[in-house]
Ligand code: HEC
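Read the single chain below, which is given as structure tokens and is the form predicted on its own.
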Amino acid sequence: MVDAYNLLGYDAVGVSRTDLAGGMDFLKQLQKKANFTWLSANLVDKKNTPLFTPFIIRKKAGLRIAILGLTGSGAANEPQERENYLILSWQDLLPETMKEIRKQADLVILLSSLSPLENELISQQFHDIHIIIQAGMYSHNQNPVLANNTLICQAEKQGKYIGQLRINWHKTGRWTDETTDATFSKKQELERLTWQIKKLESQGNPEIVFADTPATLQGYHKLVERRKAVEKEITDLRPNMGQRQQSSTFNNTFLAIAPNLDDDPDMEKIIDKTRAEINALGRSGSSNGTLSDYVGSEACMKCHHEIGERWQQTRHAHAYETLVRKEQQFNLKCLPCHVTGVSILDKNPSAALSLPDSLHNVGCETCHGPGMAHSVNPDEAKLHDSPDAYICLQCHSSEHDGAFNFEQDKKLVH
């Protein structure tokens, strides 16, 4: 992550509580590799000396911009003591810190891993903290919320989206609440409509893809018609916006990171190196156990030969080979979706390291259930006749397969 952030050219990052999982000594060593500033105003040693830089000032577009960091403690209003550091409550230090920042900055940004409630309290007490960027408090994108004179923002976790916040800032230090602007809700609706339309179009030409599902095709047409109407409504409202041009305003967009974008060569090297290290950890943890309830697809094919031959022509039958080819067959994040007998939802995914060759690849029992009892007494021990979408979506999630369509794609494996 540090190498990637260096490559992206970050100015600063806020130190969160989870960053301390490896201990302070480890984190301080890691900091030496960083070309950016690590920020925390309330993470201190036993002498109350900050362990990281409390804030920095950057000059951008004629503005003096302060970036401040606060580390969440996990318990509001209480100093949290660990082996060799303290996480102080923001109430104890923020008043003095802000006195210093006010003298130097026109715009103040807080990088916070505090709870949403604490961030809202900060917005009530410090009107000159203009933006709070929350760290991982929710699992979804959150449109900026103007609380008093503070924008509270957050993008979805795990790098699925980039939040692009465009600011027209005046040194008055006050925001104009765009939620009172008639165009604001229209713009939000336009973003939602565009996202829904692109989601449907990502599967191909809707006129062809949804030809057999007229209700879906009709819904697509209604979305397109509504988007045209909203675009016209926004255009009609624009002449009334001139009077707001001298106020501090913002506009936010969430940009979905498309999986089909070309990889940056330097970033790809960092990712490949990281995957190799993860794979090495998985390799060192492998064992020789087996799962007794599963028999493997070859045993199924003794009775279901024709079905087995069709399965062998599918990608499921070669799923494990894909990992081997990419040298990821020991990567516990990838492995459960490429084998039989271990689910991505299992609490012990390391069991996937110990599977016999017969359970490599996505076999019959992934969809129909363990086959040992059925192979012994097929009349008494029945299996699932046909899997439902829930089973498929464990691996074919939007994160891994944005174009997955259960009704269409299940025909590829039958």
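Heads up: residue numbers just count along the shown sequence, starting at 1. Because the structure is a prediction, the values reported are computed rather than measured. Between two forms, the rigid core is the largest collection of C-alphas that superpose within 1.5 Å.
Only in words, not in the display: the form predicted together with the named molecule, which the text now covers.
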query: Heavy atom within 4.5 Å of the named molecule in the predicted complex - residue from V295, I101, L88, A135; finding: V295
query: Of A41, V362, L353, I67, the one that lies within 4.5 Å of the named molecule in the predicted complex (heavy atoms); finding: V362
query: Proximity to the named molecule in the predicted complex (heavy atom, within 4.5 Å), stretch among 45-53, 377-385, 58-66, 28-36; finding: 377-385
query: Touches the named molecule in the predicted complex: Q328 (any heavy atom, 4.5 Å); finding: yes
query: A12, heavy atom within 4.5 angstroms of the named molecule in the predicted complex; finding: no
query: Contact test in the predicted complex: V230 vs the named molecule, heavy atoms, 4.5 Å; finding: no
query: Contact flag, H304 vs the named molecule in the predicted complex, heavy atom cut 4.5 Å; finding: yes
query: Neighbours of the named molecule in the predicted complex among 313-336 [non-hydrogen atom within 4.5 angstroms]; finding: T314, R315, H316, H318, A319, T322, L323, K326, Q328, N331, K333, C334, P336
query: Exceeds or equals 2 Å, Cα of I307 between the shown form and the other one, core fit; finding: yes
query: Rigid core superposed: V324 CA moves 2 Å or more between the shown form and the other one; finding: yes
query: Cα displacement of I391 between the shown form and the other one reaching 2 Å, rigid core superposed; finding: yes
